[in-house]
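Shown below, as structure tokens, is a lone chain in the form predicted alone; questions about how it binds or moves come after it.
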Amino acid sequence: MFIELDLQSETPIYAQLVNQIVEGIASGALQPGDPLPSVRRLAEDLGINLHTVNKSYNLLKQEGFLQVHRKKGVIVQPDGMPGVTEAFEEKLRQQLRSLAAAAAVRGMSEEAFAQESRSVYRDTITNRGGEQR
């Protein structure tokens, strides 16, 4: 698993880690049932606090992306990914609303914003070895 953190980013490290693991799942780089490094090992490999990794793993577990087993450790959810819920759609709308507002203020057209959104979506699920779902 390849994780690249930007320690100078305004995005918290735990959120970067969550985002990259979800991107790995979406792209197919991480398959259902794949093991992830232990909290301690990943923290050591990335040079970050183990509580940061633990927070990321717990958030991903709560959202249904990961399972934690006493014997197997942390694995990508083998029983299917979480579906689209009303709560997810509301979270998505809020994030898109904020991005759309920033794009509009900067003078980006609706079509350019939509095209960029499509491009990022397609890149996430196709250009990293994943199969389009």
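It should be emphasised that the depicted structure is a prediction, and the values quoted were computed from it without experimental measurement. A residue's number is simply how far along the shown sequence it sits, counting from 1.
What follows is about the form predicted together with a further copy of the same chain, which we do not show.
Using a 4.5 Å cutoff between non-hydrogen atoms, residue 38 does not count as a contact of a further copy of the same chain in the predicted complex.
In the predicted complex, a further copy of the same chain sits within 4.5 Å of a heavy atom of residue 63.
Interface membership of residue 99, defined by any non-hydrogen atom within 4.5 Å of a further copy of the same chain in the predicted complex, is confirmed.
Using a 4.5 angstroms limit between non-hydrogen atoms, residue 25 touches a further copy of the same chain in the predicted complex. Contacts to a further copy of the same chain in the predicted complex (heavy atom within 4.5 Å) from stretch 87-105: 88, 89, 92, 93, 94, 95, 96, 97, 98, 99, 100, 101, 102, 103, 104, 105.
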